[in-house]
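There is one chain below, alone, in C-alpha cells, taken in the form predicted alone.
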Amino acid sequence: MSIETRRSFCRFCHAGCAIDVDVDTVSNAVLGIHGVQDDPMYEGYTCVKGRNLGGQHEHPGRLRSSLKRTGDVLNPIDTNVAFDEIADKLAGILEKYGPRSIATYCGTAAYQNATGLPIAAAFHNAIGSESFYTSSSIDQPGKAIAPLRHGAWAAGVQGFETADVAMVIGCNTLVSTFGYPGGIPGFNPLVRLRQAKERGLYLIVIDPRLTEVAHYADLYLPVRAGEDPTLLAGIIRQILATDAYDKDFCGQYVNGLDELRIAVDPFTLDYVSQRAGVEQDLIVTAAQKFAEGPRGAVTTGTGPDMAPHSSLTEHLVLALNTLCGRYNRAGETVYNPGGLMTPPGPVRAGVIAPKPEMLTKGSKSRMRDIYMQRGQAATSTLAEEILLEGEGQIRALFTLGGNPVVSWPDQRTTVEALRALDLHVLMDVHVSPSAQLAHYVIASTLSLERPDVPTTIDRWFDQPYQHYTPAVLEMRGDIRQEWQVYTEVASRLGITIKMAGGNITPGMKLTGDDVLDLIYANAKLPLSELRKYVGGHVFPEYITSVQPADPTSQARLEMVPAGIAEELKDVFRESNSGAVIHGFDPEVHTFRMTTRRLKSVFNSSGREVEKLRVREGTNFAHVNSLDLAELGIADGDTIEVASPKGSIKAVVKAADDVRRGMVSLAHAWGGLPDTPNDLSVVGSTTGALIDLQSGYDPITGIPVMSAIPVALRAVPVS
C-alpha cells in the first residue's frame, strides 16, 4: 500500500467543503477524508456525509459498467455500444416526432457537477428542444421568480457577516441547506453562527420545528406549517403600522407602499396569531427587532418554498428586505461580487427593474398554462408531458444526477410516465429505483473522479473564494463523465454543440478540463489562473466597492406587482393552508406533512452507504409525543400517512421538537410503489402524497410538496 493525500472539495451536497483525500495509489481507492485546517473559507470543517464520501466511491453496488434493459432485466453492455444504440433510437424519435419529444431532467447531483448540466442545456439548444427540466423547479423556484415581479437591488442584500439581525424562515443550515442570500453560510456554519452571536447578532427563526438553528435563536416563532405567507403579511403590517420602515430608501426606490398597506391590512395581529399559531407578542417583537436592524436580511429555505403560495412567500421576503432597506449601498465593500465563475461587471447601488414580461415569455406547457422560466420547463409537468398524447408529447428522456421515482411529485404518475417512454437514458452510479425502469443506465463518474469547480455556490461565498480540483481518483471500469453522454450522442448524430469558449464538433476528443474551459471561458477569474493554486484560494483583487447607481435609471422596486394583492386575498379567504388541495377535509386531514433534511444523507444520495444510512435508520415520520398519545400510537409503530391524493406507510418516531399537528418526513426516500420494502431501511416516498392538479403555484407550477394536509392512523399489526 502506498498512501498519497490529495486535495479536493466535497460534492456530496452543495456546500463544497475543502477536503484532503487519502488515496491508496496502488488500488486507486479512498482510505480516508478529512477537512483542510488551513483552507481560508472552511477552516477544517466537513460534515459526516463528506467524511464518508469514499463510501460512495467504493460501495459494493457501485456500477462499473453500463446496463441495457431486455424485458424486465438489466444486462451489462459496452458503453460505446450503448451510445451507438441510443443515438440510433434518438435519431428515429427526432425524425418522427421532432425536437420537443426529447427531454432532459437534471437532478440535484447535476448542480454539484460543473460540466454536466451546462453541456446538457447546450445539447438541447443544438437539437432545438425546449424540453429541459431540472430539480430547481421543484425545490425553491420562487427565489428566481420573485425578482422578476419585485425587481432586485444590483448590489445585493446585506450579508450575514455584517448583520445585526437575521430572520431565518424554514432553513436549517446547521444540517444541510444554505441560507442564501443573507442567511447563515453553509461553510463551517456552526462556527460562523457562533461568531455572529458573539458579535451581537439577534437571530429570529421562524419554523414549525425547533430545528438545530432554532436552538440558537434569540426569538423563535413556531409557525404552523404552511402559514409562512400569513405570518410574513402580519409582520409587514406591523412594521408599516408602527412606521418602522426605512422611509428614505422607500421614498427613493420603491413603488406601491400604499398598495402594500391595503393588501396586508386584513392580516391583523389577532388574525395572524390565531391562524399561524404564534403568540401576538412574538409577532410584534419579530417586527420590531427586524426593523431596528440596522443591518441584516430575511432568508428562506426549502420548507416555505415547497409549501402553499411559495412564490408569494418569496415576494413577501423581498418586500420585507426592501421595506427595511437591507441592501448594500454605494461606497460599501462587496467581498464577493457575484461569483468568480460569472462574467465581470460593475456592482452598482441601484434597482434592477422588474421584468414581469419574462414570466410568460417562454414556451407554455400543454397543461395548467405553466410557462418555461429561465430556459427551463416545470418538472411538475414532465410526467404528464410524457403521458399526454398528441403533438409535443415527450418520447425520450435523459436523466442526469437525479432519481425521479422518489423525487418527483406524484409518484404513481411518475412511474407510469417512466414506463411509457420510448427511450430513457439514465446516468447513475448504482441501480436506483429510477434505474430499474430505464432502458439504458450509463455507469457514471462520482465527484472525486472528475475535475471540477464549485459553480452552484460560487456566488454564496462571503469572500472572493474559488477552488479548482483535478480528478483525485482514476476512472475504474467502463464508466463515463456525465457530459460525455451528450457529446458522444451528438457526435453520432452529426450535431455541433456550441459553448461560450467554442464549439464541440462531431468526433472531437475532449477531457473534463477542456469542457470546463469551454463552459467558463468568460468567467471573471480565468481557469488558467485558478489552476495555479492547490486547494481553495481567496482572490482579494476581486473585492470591490459598490458604485453609485446609474443616474439615468428610473427603475423602482414594486411592492405590489400584478397578482400579489389578489393572492393575498386568496390566502385570507382560505383561512387554512390545507384549503388549496382538492379533497381536503378539515375534520379528517388535521395534520400537515412537512419535509426535512437529514444530517447523514442528501435527498436520495447516501442511502447506499450503509455507514451513513444506519446513522439515520430510515426517514422516520416525526410526530409530537402528545399527538401520538392521543392517537394511541407508540414510538416505533408503523403508521399510515394519508393525504387527499394518496397514502404511504412510515415508521413513527416521537419528536417533541415538532409542533403539534404536524408530521415531519425527509423526502426522496423509498422505492418503487407496490414493491415489498423494509420501511425501517428503505423508508417512505413523500411524493406519493402530492397532488399535481391542485394547490400548485400558478407561475412556477410547483405543487404543494410540504405542509401537505394529511391524516394519521396506526397500521394494525398483521
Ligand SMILES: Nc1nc2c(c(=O)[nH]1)N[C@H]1C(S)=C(S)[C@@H](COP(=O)(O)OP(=O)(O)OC[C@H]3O[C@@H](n4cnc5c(=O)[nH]c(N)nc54)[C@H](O)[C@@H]3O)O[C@H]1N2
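Bear in mind that the values here come from a model prediction, so they are computed numbers and not experimental data. Start at 1 and count along the sequence shown; that's the residue number.
Only in words, not in the display: the form predicted together with this ligand, which the text now covers.
When this ligand is considered in the predicted complex, G687 lines it closely, a heavy atom lying within 4.5 Å. In the predicted complex, A668 approaches this ligand with a heavy atom inside 4.5 Å. Though the partner is left out of this view, F178 does reach within 4.5 Å of this ligand in the predicted complex, counting heavy atoms only. The closest heavy atom approach of E482 to this ligand in the predicted complex falls within 4.5 Å. For this ligand in the predicted complex, the listed stretch (259-267, 565-573, 351-359, 590-598) containing residues with heavy atoms inside 4.5 Å is 590-598. When you look in the predicted complex, the only residue of N619, T487, S380, T173 with a non-hydrogen atom within 4.5 Å of this ligand is T173. Of the candidates R395, H309, R450, H315, R450 is the one whose heavy atoms come within 4.5 Å of this ligand in the predicted complex; the others do not. Candidate site formed by G151, G182 and N336: none of these residues places a non-hydrogen atom within 4.5 angstroms of this ligand in the predicted complex.
Residues G301, T302, G303, P304, M306, A307 are the ones in 298-331 with at least one heavy atom within 4.5 Å of this ligand in the predicted complex, listed in sequence order.
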